[in-house]
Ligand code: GLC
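First, one chain by itself in structure tokens, the form predicted alone.
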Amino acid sequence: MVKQASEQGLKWYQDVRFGMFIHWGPSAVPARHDWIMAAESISVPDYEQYTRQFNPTKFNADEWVSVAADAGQKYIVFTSRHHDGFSMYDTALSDYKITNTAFGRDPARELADACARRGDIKLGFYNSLLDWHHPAYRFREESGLAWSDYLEFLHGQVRELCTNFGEIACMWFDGHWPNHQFDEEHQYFMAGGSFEYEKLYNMIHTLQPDATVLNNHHAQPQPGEDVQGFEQDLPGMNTTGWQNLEISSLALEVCMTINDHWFYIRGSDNHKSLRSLVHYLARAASAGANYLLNVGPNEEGVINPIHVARLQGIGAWLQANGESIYGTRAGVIEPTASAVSTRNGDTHYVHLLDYISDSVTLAGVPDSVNAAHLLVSGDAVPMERTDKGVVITVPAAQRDPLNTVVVLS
């Protein structure tokens, strides 16, 4: 039988609702593509030159953690190793790691220590299931290695992450997409064989009983996975085509970027507005999903100042309205194009996202609701039950330009 995360761990995860994703590594040196090694067919020796140039002397773990905490984010998911195979921590299982660069430090260790100092934010890890550098993954026939050699490395790294950094929030896997059809060009980057998920998940849940497991495999969840993920998409929206999945009964998570990329890409300036990011947060929570919002620091270890400003704006909104996000579950009031809801027990929070008219008609409001007020000011909101639903009226003077929250109880 495959173990799952503890009830306590799952409750914490669903209560916190908002986290920071960090995609960072030597690809920030050329800064041309998230999958630059694959996209430009760069050989292992040629890609290694970027690892030798990677020296993020401006990296400051306390600053990063403060950015996340000030944004109201309660956990961080850090890339321990992405598809390029470069380990962003001091692993004992490979020499291909950041502590063997001119930088010489372990950012994962420093982030774990910074989170521990604050005490109000947890660290989790992203780990790639594929590895474009490891000879047992990519060059098995030439190297004389077997698939089991790669599995020993993969499982060994996960064991390190689950034992060397204290209590972690989650393990987040990526790089295995069994339902995808790849052409010959992509076979260079995909490997066959089982990842032995039952063994892997049981190890995680034994070493870290409260940590959740998410596998971004773009398929229905498997036993041992605690969270169903949606990439650049909201549950049920299916705007990305391949994400047309049945929503499971598991905890849910939406991961998204602030601009168009996961990693730092020079000149990527299509940044989402603060208003749209607050709306995504509310819509994710209304579907019962966490919102994992990504930053991609540059080669010096600096988070884009525009992204910092966006995060600060979300944090300011949450300072006043966090009750409508933290600790909530999916709303039971029918969502519309301009309004969604969350709930905490018998209290319902209506998020008025777009100001179309003063009055908003809501369907599916429970009969137990008999009063409405604005969350921030406490001012009463006129409420009327009609044959079309409950009508609440909030004029322009009482609207928040980002997201106005009305409490129904």
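This one's a predicted model, so the numbers in the text were calculated from it and none came from an experiment. Note that residue numbering follows the sequence shown and begins at 1.
A second form of this protein, the form predicted together with the ligand, is not displayed here; the remarks below concern that form.
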- Query: Pick from 6-14, 383-391, 397-405, 19-27: which stretch has non-hydrogen atoms within 4.5 Å of the ligand in the model of the complex?
  - Reply: 19-27
- Gln157: touches the ligand in the model of the complex, heavy atom cutoff 4.5 angstroms: no
- Is there a non-hydrogen atom of Tyr264 within 4.5 angstroms of a non-hydrogen atom of the ligand in the model of the complex? no
- Task: Report whether the minimum heavy atom distance between His82 and the ligand in the model of the complex is within 4.5 Å.
- Result: yes
- Task: Considering only heavy atoms, tell me if Ser94 and the ligand come within 4.5 Å of each other in the model of the complex.
- Result: no
- Contact residue in the model of the complex, from Glu299, Glu323, Glu231, Glu110 (heavy atom within 4.5 Å of the ligand): Glu231
- Message: To verify the annotation, which of these, Ala284, Leu277, Ala169, Cys255, has a non-hydrogen atom within 4.5 Å of the ligand in the model of the complex?
- Response: Cys255
- So which bits of 105-131 sit within 4.5 Å of the ligand in the model of the complex, heavy atoms only? Tyr126
